[in-house]
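Here you'll find one protein chain in two forms, each presented separately as structure tokens under the names structure 1 and structure 2.
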Structure 1
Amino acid sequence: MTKDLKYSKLDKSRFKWGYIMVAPTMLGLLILNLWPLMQSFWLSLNKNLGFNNYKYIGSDNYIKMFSDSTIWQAIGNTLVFTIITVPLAVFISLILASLVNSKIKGKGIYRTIYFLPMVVAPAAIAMVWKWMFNADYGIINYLLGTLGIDPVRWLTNPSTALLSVSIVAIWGQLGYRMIILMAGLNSIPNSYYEAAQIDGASAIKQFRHITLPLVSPTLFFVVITGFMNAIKQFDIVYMMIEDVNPALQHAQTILYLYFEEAFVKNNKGYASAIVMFTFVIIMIITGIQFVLQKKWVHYE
């Protein structure tokens, strides 16, 4: 009775059409996300016997995974990769978005140049960067040589392999994050900046007290999706670090191990345990970010 008094017929009609409009998306999420997640969990409790036959082994895959030092090494690599790429990529993207959003000549050309990596295939990006990082004839070592610096084996040295991959990942994601942040910057009313200029606020103070708080919801979206993408990193590592690379153990991520177990060793049960553990890590980090965002994200 209370609902009938609270919602009019027009409201109920809007609700109905709202549910109808989101139904395809919800159906897609259930089929493409929830069902594979349930299948992965079931596979993680089984051992692959070959020819699509499985044997239930309970938590053995998880016990094996937690006692496997290779897994912990890969988790450590993934976290280091995440810590390197996400803050740097977000910071550089915000600076670029602010610059190309200002009143400068040819900003359309700059936007195109920075967004260009997003329309290039990751395989092409990896090939170009592998050539640039080549220890013998790469352009980076050539430039270092002109400064009198000895050549660096970027991709085969365990201490630089993960850093090299991180540089490529940051470069590849700058355009996408810059565009998202530009949308956030354009939503800030100019009247705030005009009022600040009348009060004599410098550009730095305007950025700190107007831009940052008002773009923080967009910034939060960029950060949270950046963490998810970094933890799920696979393609760049796979294409730049071959399986015979001596630095592989120091650069392989958790999903690289998943690929190795699932599609090279055909150990889908153990691989599913790895991917379920990755899912839990992402959920925990995402949950922490949602709690912490209350302290720095400002919604109008």
Structure 2
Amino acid sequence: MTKDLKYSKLDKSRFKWGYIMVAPTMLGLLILNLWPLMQSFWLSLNKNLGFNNYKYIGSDNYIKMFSDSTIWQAIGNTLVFTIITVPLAVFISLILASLVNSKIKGKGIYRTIYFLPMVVAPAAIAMVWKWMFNADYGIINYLLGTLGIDPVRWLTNPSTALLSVSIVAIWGQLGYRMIILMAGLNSIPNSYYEAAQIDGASAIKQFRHITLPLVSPTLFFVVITGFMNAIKQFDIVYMMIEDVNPALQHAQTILYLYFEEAFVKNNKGYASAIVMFTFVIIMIITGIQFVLQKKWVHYE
């Protein structure tokens, strides 16, 4: 009764519309996300017996997973991929963003070109790079050959396969990060730089003491989304590394393995354990990022 008195007739009419307007989304969230999340967890405790029959096996999938060297190798690959791609992509895009943002002609053209790979499907991107990385006829080995460098078996050599995939990933995402960082740089008031110039601060000092702290929230956004996406890497590896590739073990990512287990080998229970574990890894890394941000991200 007290609740009824708290809200006016107008409030109640507004509440009604509020519920109606969020209903489709909440219903969708329930069917598409909440229920599947619980089901994923449940499946990870089950074994697929075929024809949609599942048997509860408790933590067996997890025990099997933790003692499976293939999984650890895939996690290792994913982390190496992340550690190569995220810092490099963020660093290069920050430089590109600063360069494009400096008072030069043709800003729009550069922006358009750098962003180009972002709109193309990774499947298509992977195809072209696979061709360019071809050990015998690829343009990259040919160009290296003219510099006197021996041909590299980019995609089939276990020590370079992951690196090759990382190069493609970095190339593909520079434009996206650059555009977001440009927006961040643009929001820094010009007056800060004018004041610094009057004080005679060098360009490097200006970058360190004005640009970097003021762009740090944007940088944080770029880093955190970068980590999340890198750990979820699937497409490029799937397209560039076939399952007969001798370097597969050294290049397959955790989600590639998940895909294989779930939809090729039909071990949906085991695959669910893998994806739940990936989820935990992402949560831990994101959590660490949020703690660390206090040290370097400056909010006004």
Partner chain sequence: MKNSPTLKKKGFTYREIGKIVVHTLLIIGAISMIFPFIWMILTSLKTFGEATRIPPTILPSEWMVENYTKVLNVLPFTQLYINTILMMLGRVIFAVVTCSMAGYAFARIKFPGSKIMFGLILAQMMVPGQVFTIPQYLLVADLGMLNTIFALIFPGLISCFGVFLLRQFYLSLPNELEEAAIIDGCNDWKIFTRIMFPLTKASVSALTIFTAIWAYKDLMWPIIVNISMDKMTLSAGLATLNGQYVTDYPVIMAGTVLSMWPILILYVIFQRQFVEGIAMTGTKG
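Predicted model only: the values in this text are computed from it and were never measured. Start at 1 and count along the sequence of structure 1; that gives the residue numbers used here. Only the largest set of C-alpha atoms that superpose within 1.5 Å between the two forms is called the rigid core.
**Q** Form predicted on its own, is that 1 or 2?
**A** Of the two, structure 1 is the form predicted on its own.
**Q** Determine whether residue 145 and residue 242 are assigned to the same rigid part when the chain is split into two bodies between structure 1 and structure 2.
**A** Residue 145, residue 242: same rigid body.
**Q** How much does the smaller rigid part turn between structure 1 and structure 2, counted in whole degrees?
**A** Treating the chain as two rigid parts, the smaller one turns 17 degrees between structure 1 and structure 2.
**Q** Report, in Å with one decimal, the C-alpha displacement of residue 15 between structure 1 and structure 2 after core superposition.
**A** Reported C-alpha shift between structure 1 and structure 2: 10.7 Å at residue 15.
**Q** After lining up the core, report the Cα displacement of residue 31 between structure 1 and structure 2 in Å, one decimal place.
**A** Displacement of the alpha carbon, after core fit: 4.5 Å.
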